[in-house]
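One chain comes next, on its own, written out as structure tokens in the form predicted alone.
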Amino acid sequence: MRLLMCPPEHFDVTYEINPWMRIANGPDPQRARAQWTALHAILAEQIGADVALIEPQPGLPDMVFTANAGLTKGDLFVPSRFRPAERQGEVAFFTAWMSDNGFQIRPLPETIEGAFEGEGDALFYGDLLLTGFGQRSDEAACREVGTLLGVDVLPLCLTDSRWYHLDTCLIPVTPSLLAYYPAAFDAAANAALEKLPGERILLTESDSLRFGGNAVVAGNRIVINSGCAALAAALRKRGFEVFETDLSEFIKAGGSAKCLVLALEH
């Protein structure tokens, strides 16, 4: 398993672009660094993932959330097209890193309007790409990503600004097990999710508010924010090894375990 992370040297809340962000309630830098280091250690040492690092850049406090950099498929990389101006400066650094590390860059065509915010709004469920739109990404851009990567896309409308990215409220655990929070989606999206093959775990509101839906999956091992009791129990009941780690400082900016990781292989 190959992953990309970004050390939190410049992580902070200096603007507000989602309901979780409050400048008056910013993260503690030392605590955030300790939490990020603990997550990195779980992934690299306990799970054995190959974790690459990108150099953090001053003035880009959300660069730590590498999941939003874009989406990979094989050796292809589709860079994000961020909606908030505050994050648009990240694109050049992520694109350069991907190019330097052997990926072919496939940007969205200028003829396609709208935003696409990377793996935050695009998650593979088997060979099907589930995409979130309605908050930060747009449906047309998500569909075009599928065209660029040669995969089928199922767009899902997100209706609650607290779950502004798909990866905050949905986990493709295996190609036959999906965990998600139904209240984050509109009726059509819920109907589409119910029709998908496989078993479902429906997240509780309590676990969703603790970003339980923002998890890193590595085979039968799953990393989630601490305190998501119902989700952890449901996963363990099904034979998964669950690693719980405190990521409360990153939730202050609207992110947790998955937001801090970009998958480099699909």
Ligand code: ARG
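Note that residue numbering begins at 1 and tracks the sequence as displayed. Keep in mind that this is a model prediction, so the values were computed, not measured.
This next part talks about the form predicted in complex with the named molecule, which is not shown.
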* Within a 4.5 Å heavy atom cut-off, is residue 17 in contact with the named molecule in the model of the complex? -> yes
* Contact flag, residue 120 vs the named molecule in the model of the complex, heavy atom cut 4.5 Å -> yes
* Taking heavy atoms only, is residue 231 within 4.5 angstroms of the named molecule in the model of the complex? -> no
* Though only this chain appears here, would residue 81 touch the named molecule in the model of the complex if you measure heavy atom gaps against 4.5 Å? -> no
* **Options 57-65, 236-244, 35-43, 196-204; stretch whose heavy atom lies within 4.5 Å of the named molecule in the model of the complex** => 57-65
* Heavy atom of each of 21, 136 and 254 within 4.5 Å of the named molecule in the model of the complex -> yes
* Which residue, 164, 97, 125, 181, has a heavy atom that falls within 4.5 Å of the named molecule in the model of the complex? -> 164
* Check each residue of 69-92 against the named molecule in the model of the complex and list those with a heavy atom within 4.5 Å, in sequence order. => 87
